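Provided below as structure tokens are two forms of one protein chain, presented individually as structure 1 and structure 2.
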Structure 1
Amino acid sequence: MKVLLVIVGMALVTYIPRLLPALFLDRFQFPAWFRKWLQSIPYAALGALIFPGVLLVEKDQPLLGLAGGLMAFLLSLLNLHITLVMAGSILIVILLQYFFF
């Protein structure tokens, strides 16, 4: 019972922040600066999600995450499909784990 309460509580506090913008965003006409901020969010959020998190995928082996991240970076310079970028970063980490770590 206690576990169930915790799960429902987690669900509520997770959904509410996701829902809030759906409730109020279109009620206002936002000024130009706010729209520029809004447009910049994906780039800022992805930057923050990537670094330094990518170094921590294996707590004791930051080089492992770094190698995967660099591989993804190089492959995305080639404009490959996103699935191939993901596959490349996964592959290099598996190979490094197998041979070195």
Structure 2
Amino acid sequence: MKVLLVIVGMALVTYIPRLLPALFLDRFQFPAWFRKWLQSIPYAALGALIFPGVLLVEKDQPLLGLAGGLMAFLLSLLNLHITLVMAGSILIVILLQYFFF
């Protein structure tokens, strides 16, 4: 019973902060600069989550991860499908490992 109460409590704690903005924020009109800033948050959070992993692809060789990240960045600038971006970055890491490291 105690575990069930913990699970229900955790569900409420995560659900309420998501529900309240959905219910009330559509009633407010925010300035354009603020809306643009809010739209940038997912990209900033994604970058903060991904970048440390890029450096830790190989513990002793952070340049491999940087090369893969750079390749992914360059391919994404070409507006390629995410699958091609991922495949290109994986391929460059594999090639660099095979030929240089």
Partner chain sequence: MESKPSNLEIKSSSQLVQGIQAGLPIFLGYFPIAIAFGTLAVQAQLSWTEAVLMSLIVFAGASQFVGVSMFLAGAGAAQIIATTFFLNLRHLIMSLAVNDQMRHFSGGWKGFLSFFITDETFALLTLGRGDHRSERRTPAYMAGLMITAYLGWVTGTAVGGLGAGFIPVEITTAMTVGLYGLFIGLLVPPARKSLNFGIIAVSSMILNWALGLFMDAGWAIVLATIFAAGLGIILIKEDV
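Just so we're clear, the structure is a prediction, and the values are computed from it rather than from any experiment. Each residue is numbered by where it sits in the sequence of structure 1, with counting from 1. Just so we're on the same page, rigid core means the largest C-alpha set that superposes within 1.5 Å between forms.
Enquirer: Pick one: is 1 or 2 the form predicted alone?
Expert: Looking at both copies of the chain, structure 2 is the one that matches the description.
Enquirer: Based on the rigid-body movement between structures 1 and 2, can you say which of 28, 32, 46, 21 lies at the hinge?
Expert: Selected hinge residue from the list: 46.
Enquirer: Smaller rigid part's rotation against the larger between structures 1 and 2, whole degrees?
Expert: Between the forms, the smaller part turns 31 degrees against the larger.
Enquirer: Rigid core superposed, I'd like the Cα shift of residue 41 between structures 1 and 2 in Å.
Expert: In the core superposition between structures 1 and 2, the C-alpha of residue 41 moves 4.3 Å.
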